[in-house]
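Consider the single chain below, provided in structure tokens and representing the form predicted alone.
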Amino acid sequence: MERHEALEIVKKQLTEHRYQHTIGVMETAVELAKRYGADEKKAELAAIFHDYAKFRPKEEMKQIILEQNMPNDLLSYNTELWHAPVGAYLVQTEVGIQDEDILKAIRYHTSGRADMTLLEKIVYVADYIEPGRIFQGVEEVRALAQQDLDQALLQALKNTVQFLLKKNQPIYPDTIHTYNALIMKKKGESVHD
């Protein structure tokens, strides 16, 4: 699927503000893919479709989570998490993208997961640092992304966890697993040791 075709499809699903965010994520993901040697086309498509389900009704997303046997614990956490796994499902069923690498990058762009692939890390970080993002800590992650993708991801996770802690919000287990896996990797250990 070509970029213009993908953008046309996704534009119908998003607000103008979210569409501009998507363009920023796409450009950032392609740049990171070039820098770190990932498949640029897959990074582009995963970034374009990462928020495909963002504005679907909560009830529809809940139904999909239940009907598709997605982890039921999702329903106990912030609804902001739902659009990622639901989006991966809808991109596969409505848009027809079958590439598992792209679908996983969409599925895990909000929560992360232990042992993320390079493409998954790129989409997660690109979503966090795209040029339209303005919040405390984003500049540090942008700088890190130019040097070390894992360090950028780790800092983004730390910022997210601290933000959730300050708001007394629960932290989805996959986010903690992502953090732990990166820390263990840094120390040369495995989570399973």
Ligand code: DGI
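Since this is a predicted model, take the numbers as computed values, not measurements. For every residue, the number given is its place in the sequence shown, counted from 1.
Just so you know, the form predicted in complex with the ligand exists too; it's not on screen, but the next bit is about it.
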Report summary line: Of the candidate stretches 59 to 67, 144 to 152, 41 to 49, 123 to 131, the one with residues having heavy atoms within 4.5 Å of the ligand in the predicted bound form is 123 to 131
Requested in this report: Just give me the single entry in L103, A114, V95, L81 that has a non-hydrogen atom within 4.5 angstroms of the ligand in the predicted bound form.
Outcome: L81
Query raised in the report: Is there a non-hydrogen atom of T28 within 4.5 angstroms of a non-hydrogen atom of the ligand in the predicted bound form?
Result: no
Requested in this report: Would you please decide whether F163 lies within 4.5 angstroms of the ligand in the predicted bound form, comparing each non-hydrogen atom pair?
Outcome: yes
Query - I171, heavy atom within 4.5 angstroms of the ligand in the predicted bound form - result: yes
Query raised in the report: Any chance Q13 has a heavy atom within 4.5 Å of the ligand in the predicted bound form?
Result: no
Report task. Would you mind checking 1 to 34 for residues with a heavy atom within 4.5 Å of the ligand in the predicted bound form? Result -> R18, H21
